[in-house]
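Given as structure tokens, the chain that follows is alone and in the form predicted on its own.
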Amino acid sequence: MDTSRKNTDILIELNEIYFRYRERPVLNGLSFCFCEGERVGLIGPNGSGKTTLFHIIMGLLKPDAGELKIFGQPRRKEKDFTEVRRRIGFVFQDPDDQLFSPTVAEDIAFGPLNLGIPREEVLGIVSRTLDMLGLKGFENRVTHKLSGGEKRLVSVATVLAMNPNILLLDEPTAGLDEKTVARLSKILKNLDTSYIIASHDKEFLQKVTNKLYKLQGGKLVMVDS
């Protein structure tokens, strides 16, 4: 941990996190400190624990042992994660786990409406977000009929529309063509938001992150850039 950082700069702090699936250890005493302004990439083979780590941060899984502190507060019980889920935008690895409304516009509007933003303002947010992602005109498209790459971009849009403090993106480039990956890279680099991206695409991570970690042996190891 970087002790030179002020406590107010620390957004996520994980200390000695352990987690196992049945009898298989996945996270083994993992510690991690994520600070304001950082753009972190996570690499590691399938099953190394990248998605598990994200699920623990979001409170979707409970660690077997260890401490989580997010936005300066300990997070232990389900109610502790209400604020976390409002302020952290999580893009799931499978877009079908994230998209559930009949149309694209309804999917993107869902989060802002739940935050209490007036409907007229939400319509503007939907339009601007789709335009930013190169999906202008998709408002009335039927979500389940989109291609895999289009679904992935819409799932990113649903998260960006909520203007989160942190983004967690799980394999955001999977299924995207080269042109769309380049567009996503440009969008991420222009954001003011701190984020963590788990991906097998090391070239993509090197373009959009300023720190790179490898998950191995259940712990995070800094990768020399």
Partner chain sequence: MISEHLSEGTSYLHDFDPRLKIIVALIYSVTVALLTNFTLLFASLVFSLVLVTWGRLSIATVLKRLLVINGFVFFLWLVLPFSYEGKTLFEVGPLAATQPGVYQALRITLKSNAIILCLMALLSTSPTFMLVHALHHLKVPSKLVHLFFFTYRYIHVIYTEFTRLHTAMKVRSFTPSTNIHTYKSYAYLVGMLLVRSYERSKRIYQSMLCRGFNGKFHTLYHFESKPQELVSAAIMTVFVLLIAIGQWIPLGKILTF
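It should be emphasised that the depicted structure is a prediction, and the values quoted were computed from it without experimental measurement. Positions refer to the first chain, counted from 1.
Keep in mind that the form predicted together with the partner chain is missing from the display, and what follows is about it.
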Proximity of M58 to the partner chain in the model of the complex, heavy atoms at 4.5 Å: yes
Exercise: E150 in contact with the partner chain in the model of the complex, heavy atom 4.5 Å: no
4.5 Å heavy atom contact, R128 to the partner chain in the model of the complex: no
Heavy atom of D80 within 4.5 Å of the partner chain in the model of the complex: no
In the model of the complex, residues of 87 to 116 near the partner chain [heavy atom within 4.5 Å]: I88, F90, F92, D94, D96, D97, Q98, L99, F100, S101, P102, A105, E106, D107, A109, F110, G111, L113, N114
